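As a starting point, one isolated chain is supplied in structure tokens, in the form predicted alone.
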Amino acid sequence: MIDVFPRESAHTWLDLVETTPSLVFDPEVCRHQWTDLSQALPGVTLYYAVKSNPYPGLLQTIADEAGCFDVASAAEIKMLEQQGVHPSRMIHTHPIKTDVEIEKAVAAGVTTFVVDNVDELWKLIPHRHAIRVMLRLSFIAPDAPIDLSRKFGAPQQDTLSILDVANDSGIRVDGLCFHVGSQAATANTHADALAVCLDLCQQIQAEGLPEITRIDIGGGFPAHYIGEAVDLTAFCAPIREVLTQVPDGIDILAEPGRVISAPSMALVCKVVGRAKRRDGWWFYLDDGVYGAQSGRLFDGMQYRMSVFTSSDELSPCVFAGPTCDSIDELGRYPEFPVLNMNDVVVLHEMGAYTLASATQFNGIAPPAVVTRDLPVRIQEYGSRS
């Protein structure tokens, strides 16, 4: 989705930043998303996925909301410690870890780990008296464009055998977990997977294995990139229906990332070059796929754009990033205003997997980050209908 505005109105965004490209972080939007999802999933403990965006201001905002955190490395643990977050508010959910990573996490005070195979259990035996473990299972969401079930997750039919090995090894597995994939279109697979896990809890109890006391339903809650805004209350309705079946003694966790971080940042760019070529005008921005827009390559994301220009001439065009790599292309449009040098382009929903994966390719630094109130607030673009 692209909106075109008069060039002079770009000051609304330029006044927020010292230079371009810059990411603008709005703590209020972050808090809004956290509250909205918490209300949509009553009784569920949210663990923010740090990998989505580790910006210190964002981490601190969630910490101030008494939030918990999902980490995948010792480096992420250290980031949180610098924000004053106690390890008791962290769970380590990477299914595959090195021995060194495990040792560092345990030394820091993290006590919850995730496995999805027997070999991973062996690594945890030296620490078995100090930790608790969740077994990750594989569930495939057909409506999630980013599938995480191929790389991680034990087959459901292997659950009892893996738990048998863990029990014989003295490892306390007290949880089941899953991740249906990122940017799911519905929560139907979340709900179905939770129901399967509840059935497995009964089978585990019948086999005389240690009881399951928590189930982690993962992430995958969507952000609003294009199309209709996401109503999280409506989206989570299938999960809430299954939550009514959860017996006492089983806690439910979730690992939201994108849904919290994406709406909380916008990217302010400028046109730094242009050229008329055989396939139309090319407009070169000061940020691209090696900067904050890697999601175009990794996840096939298309970001909503606000363009500020005085041009009324239309032409086919191509947007590109600032590097000398031909892969640094941002989108083609059959008809678009012919932009001028220094015209401003703002991309929305830019908080997730942008800053986290930006590089220094060609010696070009990632966007700066500033904390400000976003001119276009979540009330217009956010999760509520």
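These numbers were taken from a predicted model, which means no experiment stands behind them. One-based numbering along the sequence shown.
Heads up, the form predicted in complex with a small molecule isn't pictured, but that's what we're talking about next.
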property: Close approach of K51 to the small molecule in the model of the complex, 4.5 Å, heavy atom; result: yes
property: In the model of the complex, F69 touching the small molecule (heavy atom, 4.5 Å); result: no
property: Partner proximity in the model of the complex: D116 to the small molecule, non-hydrogen atom cutoff 4.5 Å; result: no
property: The small molecule contact at Y353 in the model of the complex, heavy atom, 4.5 Å; result: yes
property: Interface segment, criterion being heavy atoms within 4.5 Å of the small molecule in the model of the complex, picked from 80 to 88, 288 to 296, 166 to 174, 181 to 189; result: 181 to 189
property: Triplet H224, P263 and P375 all within 4.5 Å of the small molecule in the model of the complex via a heavy atom; result: no
